[in-house]
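Shown next as structure tokens: one chain only, the form predicted alone.
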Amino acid sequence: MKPYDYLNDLDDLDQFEAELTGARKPKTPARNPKKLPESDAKFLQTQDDSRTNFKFTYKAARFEEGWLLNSLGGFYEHQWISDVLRKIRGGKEASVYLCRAGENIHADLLAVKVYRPRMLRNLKQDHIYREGRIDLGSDGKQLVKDADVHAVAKRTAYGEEIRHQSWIAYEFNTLRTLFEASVDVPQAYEMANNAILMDYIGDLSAAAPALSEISLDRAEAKELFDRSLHNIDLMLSKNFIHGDLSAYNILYWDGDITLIDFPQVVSPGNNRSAYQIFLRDVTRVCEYFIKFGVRANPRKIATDLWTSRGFHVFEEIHPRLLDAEDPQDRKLWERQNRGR
């Protein structure tokens, strides 16, 4: 059975969406309930022996449980995780869960980022970030089979699954590269068909909050601002732009920061919108720290960092960025234009 085939009924999708988002399932006219095929109803029993023994502490809802077993079963089989303890955070792209590490990873607690099924993903403007990328396979390497490349180009159902996997592979590869470069990111251990296993920031009682949830005194704000700019510059030196950086994607724990959420990573040299995306990242970070008394000129900082790495400043905002689905982005572009 292919992943998510057991979510093939409209009511099932509505229910799964409601369970992931916490929203109520929309009311629909009464009709005779449709039973799942026997093979789907026995989904948990169709796994191999080790997967059928994967019973986790987290009390997942019906469809979420199947989703987690499908996504994390391989991690359990290879003894990378031994338990799923609780959900840490949920979002439009993925949910993050706290896991107990297995015997084959020298850690106590781990975080696993599980992407929502492609049919439920909500990033409407992903083509903006995909520009200049090569498509990656499940091994994290460039696609080489003509059939796979053709499927992606034709946007077939199989091609869309490859694109979904490529999105995950980019985040995994980016985390591995940046961790080796001493950027403040979690160490990524393994990648599955729909999930990334990585360091957990926090302790057993609480996960690290986002920087957006923290109030800082001026001295600490200046210190963390400088550290954030150091990370941004270090990423740029490795030809990476975060693509969605803000205080919401920076964790704070014991006075340190950790940058997270890299699926939208952009190459500064291969994307027409690269500078504007970079400027947006810098502006968002600056605006957070300015609230705590840090003096910063986002445009000057972004331009100085950008040109110091030998990149050309392209001031024109690409029309696709103006169509971004987040209304706050449009306001940010307007503020950036006024700051020229």
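The structure displayed is predicted, hence computed values, not measured ones. From 1 onward, residues are counted along the sequence shown.
In what follows, reference is made to the form predicted in complex with a small molecule, a form of this protein that is not presented.
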As a check of understanding, the residue in Asp261, Glu77, Asp184, Glu190 with any heavy atom within 4.5 Å of the small molecule in the predicted bound form should be identified as Asp261
Considering non-hydrogen atoms and a 4.5 Å limit, which listed residue (Arg227, Arg218, Arg86, Arg89) is close to the small molecule in the predicted bound form? Arg89
Okay, which stretch from 68-76, 232-240, 218-226, 89-97 lines the small molecule in the predicted bound form, with non-hydrogen atoms inside 4.5 Å? 89-97
Is Ala169 near the small molecule? Define near as a heavy atom within 4.5 Å, in the predicted bound form. no
Is Ser246 close enough to touch the small molecule in the predicted bound form, meaning at least one heavy atom pair within 4.5 Å? no
Contact between Asp126 and the small molecule in the predicted bound form at 4.5 Å, heavy atoms? no
Is Ala111 close enough to touch the small molecule in the predicted bound form, meaning at least one heavy atom pair within 4.5 Å? yes
